[in-house]
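Shown below, as structure tokens, is a lone chain in the form predicted on its own; questions about how it binds or moves come after it.
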């Protein structure tokens, strides 16, 4: 029976860790190098103060034990006080500067992360949980900032203290110091053991935390459904499962890290016994130049070495956790946008020309193709409608026209110009969009309308509100916020805000994606004249489920499972008595019954 091979032990710091650390240094810390040099000099001063303190302590003890001069003792005390005053000043300035440096670095990192995130394709946001994105931009960057600004500076201070004080102790008594560091290999082994396990557990904890934050967001966003369905208990159990998983993972991390301190304490006790025993023997023996003041100073020096050494060990115990956090942040840059401006992309094109889909192929996943050679022509200046059952590809066509996705084959042109040869900003600037998934911010209705055109005048905003039949509600609510995601508004009110935005944008091409789906028939009738004004003289493409709303369209395209099965005017499609006519009659009977 063969044994299962043990997993190969990963190096303490992988090549990826080194790349990430170089990236952090070159992108965000190197420009602050002069300040970091100042910090290093101040840390060296702190280490020098400790060394001088030991020297002055030994002198003071000899004054007490040998000369008995009060004046000399007072001098020693004054010098020691001045030394620690200098160290106290350095202890204030070092964290102040490093915190400023780290906070500025994290600010720039968040700025770059946000800019990079905004450049990514829609597909990234559809496959990435929002909790994971929030965790990277908020929690992980902040944790990294604390680590860089405080933990690293403290670790450098501790390392400098250990080196300088150790150097002084070696100079004083190399034999005794060598005896004292025999436990160093054991401490290094403990650090490797802890680091391995912390890195694995921290990676799992970060993943679980992202899942947990995403679960909270889903619960909060769906609270209306939770309440109506009386599923508070189910959601509580679901969130508590995540809470328990995080607790267990953090227990693993922290219990493993907890091994460090008792191990070092035990090692320290062993060292102190060696120093006391060996140093005492040297004091008693005439063969060594060691007296009582010397052994007391040496013991004090060992305390000064082991205390920062313990803190340094804790730093190296937590370093793998922070390397995991850095990797999670850095991984966002591995996402590269595929929809970008090609070299020589144009900004000018005929926005009033025909929009043509030629032999378009597209799929969201390779196993399930949606369009396989789709041909459609939307005439410039006319109103075209796209209808069909759910999942037939209606909204996907609008996504392809605006290059939220690129086609897998074929091409799309506007006025004969392929859209992938246009600058993305110029292309999307030619569209006004009223979509079914309306984004409403927790601000006033006025500001929500103005969002699409911050430079619009008050008169323009009011005109857009009047055209969308929402001006009365704007006056009634004033500056009152509408709640997260417009929670205080009805579906119809949200869609009228979207329509008002389209009026305010006034782009040459209008895309209406279920623009009146949340409106009752009476409200739809009231704003029909406004929609007629909005579409006048523009190339308009309407995606609609309610067929009666597109009966006046210049051309209607009927999709079924990604294929164009019919096209023509309403009257012609009714006479053909095929899919469109069947859908229309079914809807009409449904309305008659209600």
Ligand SMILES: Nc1ncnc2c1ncn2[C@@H]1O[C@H](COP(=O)(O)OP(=O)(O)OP(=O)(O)O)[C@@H](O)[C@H]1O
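Positions refer to the first chain, counted from 1. This structure is a prediction, so every number in the text was calculated from the model and none was measured.
A second form of this protein, the form predicted in complex with this ligand, is not displayed here; the remarks below concern that form.
- Within this chain, residue 528 is remote from the site of this ligand in the predicted bound form, having no heavy atom within 4.5 Å.
- Contact annotation: residue 32 falls outside 4.5 Å of this ligand in the predicted bound form, judged by heavy atom distances.
- Contact between residue 569 and this ligand in the predicted bound form is not found at the 4.5 Å heavy atom cutoff.
- Taking the partner from elsewhere, residue 212 is found to have every heavy atom lying beyond 4.5 Å of this ligand in the predicted bound form.
- With this ligand left out of view, the stretch that reaches within 4.5 Å of it through heavy atoms in the predicted bound form is, among 302-310, 383-391, 499-507, 467-475, 383-391.
- A heavy atom within 4.5 Å of this ligand in the predicted bound form is found for exactly one of 395, 463, 91, 421: 395.
- Proximity to this ligand in the predicted bound form, taken as a non-hydrogen atom within 4.5 angstroms, holds for one residue of 162, 370, 105, 148, which is 370.
- Residue 436 is the only member of 407-443 with a non-hydrogen atom no more than 4.5 angstroms from this ligand in the predicted bound form.
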